[in-house]
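The chain below stands alone and is given as structure tokens, in the form predicted on its own.
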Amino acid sequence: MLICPLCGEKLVQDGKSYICPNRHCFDMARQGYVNLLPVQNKHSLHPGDTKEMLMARRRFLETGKYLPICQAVRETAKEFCKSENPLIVDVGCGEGYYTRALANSFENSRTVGIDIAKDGVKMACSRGKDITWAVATASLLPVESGSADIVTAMFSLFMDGEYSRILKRGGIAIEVNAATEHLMEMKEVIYDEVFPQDKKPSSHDETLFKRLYSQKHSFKFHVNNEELKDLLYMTPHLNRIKEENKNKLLQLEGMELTAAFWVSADMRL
């Protein structure tokens, strides 16, 4: 199911390596992932989320606070995927929380987790050796054309061209986007002014995809001080706010927060 990022030919696993017909070779790391991100496709020394963000995300997600998001995605996948043994590709898998949940949604699935952050994929390997983990960019997915039944984008960029390329006709792309009210209580503390927004699911190329489903979900949850810190550190907000506002938030004992998000399913035409 994986292809060479240099020539596009199919990769075959040979022991601890992946090799294409043109003899391009990619060795598996000790943790169990393969790096399919050529140097020429890296735009920085350490692309993607930092190790600090990834560790905060793992700690927070392990509390189960975002389990309703996980359940909503799994239900959407089960409803719209017609294959009994689907190939699932989770793009922007991070440390693998949602990837693992998706893999568990089907008895006979094959699952690939892809992220540009090597530290994230390293961490994700602990979620299971039954999942294929790869470092790669979403703009050049190392996945065979027309092979995937489900592609997911969890709070990450949706690449119309690449997603449609790797999906089978009739395959499903599932996307999760933050809604307007998402973490609004936290934003009101860390920003001097919160500007009104109307966040809705993004639209996609209608020559490639047909929207089947789009639903807004929301729920309330409580966090203690440590969970609040992890939640802040796992988001891009950390690098956008004043130090004084960050300290104001981190002095709180806890908070009642709103999670609000859109789940959309688009079929590959």
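We number the residues from 1 along the sequence you see. Being a predicted model, the structure only gives us computed values, none of them experimental.
We do not show the form predicted in complex with a small molecule, though everything after this point is about it.
Stretch 115-123 is the contacting one of 187-195, 79-87, 115-123, 167-175, since its residues have non-hydrogen atoms within 4.5 Å of the small molecule in the predicted bound form. The small molecule is not shown here, but in the predicted bound form it comes within 4.5 Å of a heavy atom of Met154. In the predicted bound form, Val143 stays away from the small molecule, with no heavy atom inside 4.5 Å. The small molecule is not shown here, but in the predicted bound form it comes within 4.5 Å of a heavy atom of Ala136. Proximity of Cys93 to the small molecule in the predicted bound form: non-hydrogen atoms within 4.5 Å are present. Out of the listed residues Leu61, Leu232, Cys70, Val223, Leu61 is the one that sits within 4.5 Å of the small molecule in the predicted bound form by at least one heavy atom. Annotated contacts: Arg100, Phe106 and Asp149 are all free of the small molecule in the predicted bound form [non-hydrogen atom within 4.5 angstroms].
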